[in-house]
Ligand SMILES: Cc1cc2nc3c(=O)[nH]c(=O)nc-3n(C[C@H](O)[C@H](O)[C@H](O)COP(=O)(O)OP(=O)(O)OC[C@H]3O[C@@H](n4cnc5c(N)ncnc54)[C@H](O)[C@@H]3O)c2cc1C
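The data below hold one chain only, encoded as structure tokens and taken in the form predicted alone.
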């Protein structure tokens, strides 16, 4: 994948069937489904693919035990089916993960087991394994650092886990290989509706500063928490509003879990669930759920959130993590769709997606979650095809294998605390539309998420490698270093 070549090919096209705005889970799912039907599609992303919410998830592929408790059975069934689809189509990024809910009251244990047996039942043929009750001895054998006093046992169940921003990058590769086009650092600046009914989309290339326009038969707004901004820019009437909900996470040493098994804390002090999950050689604690008006791409993890997560985790550990044990932290924004009166709290708003059409023929995909990204895309294209009365073949995105990177990242890691080889860094720079050191260290690899200090130790070397490959000067290198140090402060 070479960015300038993609731009050159985009400008040669007479007209696209669809232009998708947004390079996160929603937009990529939409573009993937479009190319699976043979439609011509261009996806544009103002920053980098997965820059916002889609690189900052809890890394779970799940139906959502919480949504089951809320009675959102349809969403759970849909997500459990899509969980299996991602595990099938992206086995290099997704895997089955065992979870244990520790319980200190035996009746609570039976209650959790009943709920999870129903969760298994809703999986139908997509089940990943049977939920079961574990004795105290069996539970401690799997999680030796669990608080032992009063422990009665645990309930074991299975869900999926994945690498979110790597899925973004591999989806870009898959879409391009299937005949679509994807461009990062390209923003939608508005559109002109033509007499033919087609639209002239106005774009800006933020790397060259060049403005240009392309023709399309339809537009899909899939900008996540920024979908409102696209709607406002286009003068579209609103039937729903986006309520961003901040979800923060802490990264701690894997030794606190001492296991490849994850913990699910069923009820925190604010009524949510909290996960402690092994991932890339570390452990993730998360997540919070706080309604916010801040739509920044790298929200700050507040002291209040840090205290909340550590205190709730400490109740389940013999040796509990402290602030000194945090090796990185990150926060993302969920794009929850709320009624315009906005009365719901963020933790009660459904994660279902909605598709809205404007009077001018502008389509918006709102809300949703990573696990259902492909189905969100299929529903959007189904809606568009029916509305425009196109004669197009049925979706085949459910059967599309996600293309893995050609470099398998096998060998000695470049840094002892980061799981990436020198050759993988070079491969990503040359082949994965890397335009900044942040692209490389936060999304093509997950270095910044895994260990901030270790990442800062290699940042100069990686800036130099990109500069050589992209023929960048000293000023560019200085700017990259300053921008990355500023970003790293929030981690």
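Residue numbers count along the first chain shown, from 1. Bear in mind that the values here come from a model prediction, so they are computed numbers and not experimental data.
Keep in mind that the form predicted together with the ligand is not shown, yet the notes after this line are about it.
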Inset, instruction - Using the partner position in the model of the complex, report whether residue 187 sits within 4.5 Å of the ligand, counting heavy atoms only. - result: yes
Legend entry - the ligand contact at residue 47 in the model of the complex, heavy atom, 4.5 Å: yes
Inset, instruction - Indicate whether the ligand has at least one heavy atom within 4.5 Å of a heavy atom of residue 94 in the model of the complex. - result: no
Legend entry - the ligand contact in the model of the complex: residue 233, any heavy atom under 4.5 Å: yes
Inset, instruction - Check each of 155, 333, 250, 274 and return the one that places a heavy atom within 4.5 angstroms of the ligand in the model of the complex. - result: 333
Legend entry - Selected contact from 414, 297, 308, 256, since only one has a non-hydrogen atom within 4.5 angstroms of the ligand in the model of the complex: 297
Legend entry - Partner-facing stretch of 131-139, 258-266, 390-398, 325-333, counted where any non-hydrogen atom is within 4.5 angstroms of the ligand in the model of the complex: 325-333
Inset, instruction - Can you tell me which bits of 195-222 touch the ligand in the model of the complex, meaning any heavy atom within 4.5 Å? - result: 222
